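Only one chain is included here, represented as structure tokens and corresponding to the form predicted on its own.
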């Protein structure tokens, strides 16, 4: 299943509407990491509102995806984690360590809007 990726200002928004296979999740990772550079995006929102379950592979892949995107110069926020998913993640010891989360898309956009822009290093002749 192909996940739609929308461009909104300087951000990319990927809204996962249904459970993805491992291959679909890896394809999304590769596509997002590539598009961050193509669109010179400053941030990515991963909307997981449509998921009612996340296994260890999904959590690890989302976390790795956020770290890869960070290495490409953009920030990531994961939004829409359902209460029962959050509960199960805590019970299973699954963590999105180092990846910010927000309640919904609106909060995710607000979060990205508050992050100060990183200075571009000056080259010395």
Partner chain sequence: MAIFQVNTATTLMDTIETVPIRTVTDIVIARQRGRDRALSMRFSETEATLIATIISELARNIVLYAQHGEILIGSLDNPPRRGISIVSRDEGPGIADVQRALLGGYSTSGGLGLGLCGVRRMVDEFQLETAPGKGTTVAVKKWAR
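On a predicted model such as this, the values are computed, not experimentally measured, just so you know. Numbering follows the first chain given and starts at 1.
The protein also exists as the form predicted in complex with its partner chain; that form is not presented, and the subsequent description refers to it.
Taking any heavy atom pair closer than or equal to 4.5 Å as contact, tell me whether residue 115 reaches its partner chain in the predicted bound form.
Residue 115: no, not in contact with its partner chain in the predicted bound form.
Does any heavy atom of residue 39 come within 4.5 Å of a heavy atom of its partner chain in the predicted bound form?
Residue 39: no contact with its partner chain in the predicted bound form.
4.5 Å heavy atom contact, residue 33 to its partner chain in the predicted bound form:
Result no; residue 33 lies far from its partner chain in the predicted bound form.
In the predicted bound form, is there a heavy atom of its partner chain that lies within 4.5 Å of any heavy atom of residue 56, even though the partner is absent here?
Answer yes; at least one heavy atom of residue 56 falls within 4.5 Å of its partner chain in the predicted bound form.
Flag this candidate site as yes only if 63, 87 and 93 all have a heavy atom within 4.5 Å of its partner chain in the predicted bound form; otherwise mark no.
All three within 4.5 Å in the predicted bound form.
Across 2-27, which residues bring a heavy atom to within 4.5 Å of its partner chain in the predicted bound form?
Sequence-ordered list: 19, 20, 21, 22, 23.
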